[in-house]
Structures are given as structure tokens and as C-alpha cells.
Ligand SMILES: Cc1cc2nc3c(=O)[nH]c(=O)nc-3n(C[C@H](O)[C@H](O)[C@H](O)COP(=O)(O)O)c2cc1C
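The chain below stands alone, shown as C-alpha cells; this is the form predicted alone.
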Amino acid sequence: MPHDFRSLIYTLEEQGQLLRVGREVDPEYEVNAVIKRVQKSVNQPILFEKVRGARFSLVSNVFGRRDSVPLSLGLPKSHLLAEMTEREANPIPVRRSDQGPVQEVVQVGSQVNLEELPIIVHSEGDAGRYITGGVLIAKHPDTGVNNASWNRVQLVSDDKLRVRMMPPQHLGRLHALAEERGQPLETAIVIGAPPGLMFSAASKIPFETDELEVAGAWQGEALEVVRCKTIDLDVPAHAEIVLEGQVLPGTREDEGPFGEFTDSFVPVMKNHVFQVKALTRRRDPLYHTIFAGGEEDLRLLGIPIEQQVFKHVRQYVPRIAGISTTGFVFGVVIAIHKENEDQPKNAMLAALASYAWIKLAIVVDDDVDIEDAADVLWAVQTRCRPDSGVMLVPGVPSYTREDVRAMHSGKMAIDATLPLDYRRVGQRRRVPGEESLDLRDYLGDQISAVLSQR
């Protein structure tokens, strides 16, 4: 199984899933324009071999499809959330090595040249070039517990970046602890991280839990790490690129605007300053970028949210068929094997309470494809009884970003399950042979032609 980023890319290419762009592309808008079009059509991983002004290749949409997640972790598709939950409870300590591919090239101080990296401008209106595929690692100053998180990073110069981070996010809490002591927070930005660490960084793991150890648990073996060259941190030995540095105390600078995952702009705000001390990398690194709010971003955000919902709902509904953040990560769809009329309500309440961002929970029967928004809407429109199947919870905040907090007030849940008394009359029809049929046997290259035009 592909335990490092590069191995996952090779595996996807062997399976015929990786797209390659051989022509030179502009890092300002063009890269993201292609990524967006790909996500709206074939939705496959894409590698840009030549980015203008940069030395190295760029890859994106690695997790655009849900199937890439269990593949990358070596977990079963049908029980992904249950298996992740079981493994999370048994973290695996890291395995330290003296050397690793991520330190084949070491640049310190004035040797650092971030222009070599294909750092792109994502959207019209952005303040500049942003790193969006970096996992930030820091550790608790007293306990030594490692934290990993996703944070947008604005490029300022070769030795300075700006980072969005603040409490209650764990990285923000760690910086606040260091800042109280007048100390910088040593931090590493890992680009092309192992898949287990990517999902650990996006997870809702408790503050006291070491996220490098959970990454090992999720990938089924210890995460191999090496010590940074200029700071006291461990980083994945088989990552592609690491930026070593420190987040300064008592220093804030204007950062933004940036078009974030809600498909709107975060305004200019005072954010933290990251002082770059070193860059280490493979000789030929793959630079990972993520289109904020695109298929890959929502998958990386959504899977840990789904797991969090799963942990709560299973306490009240023992037979969960599946959970999905179909559509967007502020809502969740839960498919259950319904046994009594109380279970949908219990699932709705548990889901809304499981994670702050959840403002909409929809419960459906196990015959609904929860990855298909149209099928979910079909269930809402044909099975929900609005006079008794809709639950409103007023005044409860969900997404609490300062400038839009008031807009995200209140929560709602919908019971779109078929009443048990109507099971026979409401049974869905099926056409034998449909699922196993391959349209290429009938339409050949016409299917590929249609997909390429989407």
C-alpha cells in the first residue's frame, strides 16, 4: 500500500488514473483553472510537468475521488470510517531514522530559494501566491506531543511567510502557549506529506493526542521520521518538501484576501509571521497544491468530519450504512438500516451535536446513494414528511469565522427515511444487470468523447 505521497502518485498512475500536462502552464490562475475543469469532468489526479518559473512539477486533486482515501491508507472502502475509528484508538509511536529522502537536498538561511517551487496564485482577488498543500507540524512545549494541521500560507519572500492560525485551532493554542513565554513556536511545513498524516492533520483528534502517532495507526505502520536540520522537530522522512522555521511571538501582519473553501473571500486580517530557516527536499520533489473548496479539499476536510459524526451516531443507531458530506462540509448525510421510527431522530440530534460546523443533517435509508446529491434530494422529496420530519435548532452557531458568524446561526435536520409502514409500497425498483453493465461494450469511444467535453 502507498504509505508515502510519491508512492500514491505512482500507484494512481499505474491504475490509469493520473493525468499529465506536458505543456508549460502559468502559475497565476492557469494551473487552478485547469484543476477546476478537471474536477468538474473526469475528476482525476493531475500532474503539471512544467510550471513557468519553477524547477519542479506540481500535482493536485490526488484525493478528488473518495476511492483514493482507502487506497492511500490500505483500508476497506465499505468500512472506512469504522476502521479509522478503531485504529485511532491505538496510536503507533513514530520510527526515527538518521536520514530520509526529504533531506536529500538541504538549503539553510540565504540558500533557501522558494522561487524554485511552483507556488501559485489561486484566484482573482487573492493577495498573492499561497501554499495550500502544506501540513504544519509543531509540538507542545511541555509535553512534546506533536500536532499537525492544514493552514493556508502566503508567500512574502524567501525567508518570510504569513500563516492563518489562532485558537481554538490546536496550532493556534500551541503558539499562544509559546507567545505567553515570549518564545517563537518552532514549526515545519510539510508539502507532499504521507497520506496518513494528511488525514491526521485534518482530523478532530483531541489536543492531547499525538497526531504523528495517529497517522501511523491509520496507515498501519509507524510513521518514519527524521529530525529537522535547524529546529527541534520530527518530520516525515519520505515527504517531498519541508520548510523549517518558527512562528514569531508578538508579531502580526496583514494577510489576505484569499478565496477560501467556502468559495468566498477571507478579508485582510492580522495573521502570524513564519520565519523560514531552512528548506529540505527530495532531489526531484513533487509539489502538492490544493484548490481551496475543490473536490480534493472537501474530501480531506470531509472524511474526518464523517468519522467524527460516525463516532457519535453509532452510540444511538447501531446499524449505519454510510455517512457522507455530499455537497459541502457544513452538512452530512447519514444512511441507516432503519429498525424503528426513533432512530432517525436520534441520528439527527447526534449528528448536529457531533461537530460545530454541521448545520444540516439528513438521514436516509440504506437504499439511497449518499455520494449522489441528486439521489439524496430524491429521498428528501419523496420520503420526508415536512410537518414531522424537519427539526430546527435556532440560535446555535456553526461556522464561526468572525466576519460571517451571524450568517451561520441555527441548525436543521431532515428525516428522509421511508416510514416502516410504507416499506412495501415504497420499495425502489431496479433493473437487473444495470450495475454490472459496461457502456463501453455498447458505445465504445463515444463515452470518452462525451466526458472530455464536460
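Numbers follow the displayed sequence, beginning with 1. Just so it is clear, the structure is predicted and the values come from calculations on it, not from any experiment.
Below, we refer to the form predicted together with the ligand, which is not included among the displayed structures.
Visitor: What stretch, of 215-223, 103-111, 194-202, 314-322, brings heavy atoms to within 4.5 Å of the ligand in the model of the complex?
Guide: Flagged stretch: 194-202.
Visitor: I'd like to know if residue 354 sits close to the ligand in the model of the complex, meaning any non-hydrogen atom pair within 4.5 angstroms.
Guide: So residue 354 does not count as contacting the ligand.
Visitor: Considering non-hydrogen atoms and a 4.5 Å limit, does the ligand approach residue 169 in the model of the complex?
Guide: It does: once the ligand is placed as it appears in the model of the complex, residue 169 has a heavy atom within 4.5 Å of it.
Visitor: Is residue 132 close enough to the ligand in the model of the complex to count, meaning some heavy atom within 4.5 Å?
Guide: Residue 132 belongs to the contact set for the ligand.
Visitor: Is there a heavy atom of residue 147 no more than 4.5 Å from a heavy atom of the ligand in the model of the complex?
Guide: Close contact exists here: in the model of the complex, residue 147 approaches the ligand to within 4.5 Å, heavy atoms only.
Visitor: Just give me the single entry in 188, 165, 185, 117 that has a non-hydrogen atom within 4.5 angstroms of the ligand in the model of the complex.
Guide: Checking each option against the ligand in the model of the complex, the one that comes within 4.5 Å is 165.
Visitor: Taking 4.5 Å between heavy atoms as the contact cutoff, choose which of 122, 272, 281, 152 touches the ligand in the model of the complex.
Guide: Partner contact (heavy atom, 4.5 Å) among the options: 152.
Visitor: Taking 158, 233 and 242 as the candidate spot, are all three within 4.5 angstroms of the ligand in the model of the complex by heavy atoms?
Guide: No.
Visitor: Note that the ligand is not shown here; using its position in the model of the complex, name the residues of 281-316 with a heavy atom within 4.5 Å of it, in sequence order.
Guide: Residues within 4.5 Å: 290, 297, 300, 301.
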